[in-house]
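Heads up, the chain below is alone and in the form predicted on its own; it's given as structure tokens.
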Amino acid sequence: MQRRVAIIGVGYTPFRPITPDMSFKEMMFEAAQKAYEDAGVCPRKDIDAFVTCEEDFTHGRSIFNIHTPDNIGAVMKRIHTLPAESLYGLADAFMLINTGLVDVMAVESHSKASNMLTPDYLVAHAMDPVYNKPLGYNPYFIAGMEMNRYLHDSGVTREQCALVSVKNRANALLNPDAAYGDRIAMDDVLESETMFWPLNRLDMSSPADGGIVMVVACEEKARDLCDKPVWVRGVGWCSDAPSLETREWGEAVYARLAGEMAYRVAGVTNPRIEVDFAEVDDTFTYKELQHLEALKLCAPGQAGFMVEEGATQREGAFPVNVSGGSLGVGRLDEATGLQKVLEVVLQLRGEAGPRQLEDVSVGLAQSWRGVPANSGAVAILSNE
């Protein structure tokens, strides 16, 4: 029988465009200390195993995860090192606790994007080395092509996409940890510099630094240690076709299949009714809309109308990316998924401050690994 799993502690640093005053090791340490204090645990005595999610290339060194144990209290302890998006790390902890081998785990991920001098070259290195990389294009042309196909297939307009940027950057003004809060208008987005047609500069999220650690536990430990556990009701993940030549350009297949898996595990049969709010990947404006449709949180082709009518606003019928999302908080590399989970946890614990939603009990967090990947994960969380 499946064990119930809960998030019992969270710790994080502010999310900033640049952090010259803090190394990535200090960032990991600060987030871990806050998480353990929040959960009321000692890593040496109480945590059975750890998960860290990072990609070597983003740190410019191989076997990066050798730096992790010292900074999160995992020396001489079991640790899983995942070169994957951090929501996969939560799924990993969820499954390990369900094996019965461990009762309490910590999940860590962080971004030190400001250390990267040539991020576009790094992303290009992930492209197919035979068919795509030799073309020498900036890899973000993929997002422009996908956006164009999505707009064509769905009927969503560039104006509706622009409203996503307006909404999320405004939401970030209520988040003291967000890096890119701003008050802009739709015309500001549409008239900003064209980057990868039809993507404009304000359609794209910007990188940020930050660290996040979460403590996850089985039901027995969660009830013993925590007054406000947030239950991980279900997780799902999917890696779609990796090649540009074989993927489905107009639909986020990875999000649809990951969502279906998470709903099945969580026992959710009608996500539009049973889920109260969502934090979905919005690396680009069109991605928020594409992901809402893939996750069946609205009918196909209706996501644009949702944002246009204000349904996805903080005060709307179905709030989306109240934290500010990646457009407002910043893109945190592999830690982006945990940032989505973090906001859901804070909302369900009633600790989101001025952006707190009323009467919410079930939230959804969804991640995408970004260009040129075609993979992502989903988690369904509840405070009941």
Partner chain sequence: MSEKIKSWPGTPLGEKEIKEKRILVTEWQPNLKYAWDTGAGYGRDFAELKKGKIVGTKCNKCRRTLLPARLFCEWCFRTADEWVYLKDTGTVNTFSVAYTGTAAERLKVPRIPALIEIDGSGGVAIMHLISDVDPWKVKIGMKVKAVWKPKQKREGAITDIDYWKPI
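Keep in mind the model is a prediction, meaning the values are calculated, not measured. Numbering follows the first chain given and starts at 1.
Another form exists, predicted in complex with the partner chain; not displayed. Remarks below refer to it.
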Check your understanding: Taking Phe29, Thr58 and Leu117 as the candidate spot, are all three within 4.5 angstroms of the partner chain in the predicted bound form by heavy atoms?
Key -> yes
Exercise for review: Would you mind picking the one in Trp249, Trp197, Phe305, Tyr121 that has a heavy atom within 4.5 Å of the partner chain in the predicted bound form?
Suggested key: Tyr121
Check your understanding: Ok, Ala91, Ala278, Ile72, Ala178: which has a heavy atom sitting within 4.5 Å of the partner chain in the predicted bound form?
Key -> Ile72
Check your understanding: Does the partner chain come within 4.5 Å of any heavy atom of His125 in the predicted bound form?
Key -> yes
Check your understanding: With the cut-off set at 4.5 Å between non-hydrogen atoms, does Gln33 touch the partner chain in the predicted bound form?
Key -> yes
Check your understanding: Are any of the heavy atoms in Lys133 no more than 4.5 Å from a heavy atom of the partner chain in the predicted bound form?
Key -> yes
Practice item. Report whether the minimum heavy atom distance between Val360 and the partner chain in the predicted bound form is within 4.5 Å. Key: no
Check your understanding: Based on heavy atom distances of at most 4.5 Å to the partner chain in the predicted bound form, which listed stretch, 183-191, 168-176, 73-81, 263-271, is the contact stretch?
Key -> 73-81
Point to revise | Heavy atom contacts to the partner chain in the predicted bound form at 4.5 Å, residues of 10-44 in sequence order | key: Thr19, Pro20, Asp21, Met22, Ser23, Lys25, Glu26, Phe29, Ala32, Gln33, Tyr36, Pro43, Arg44
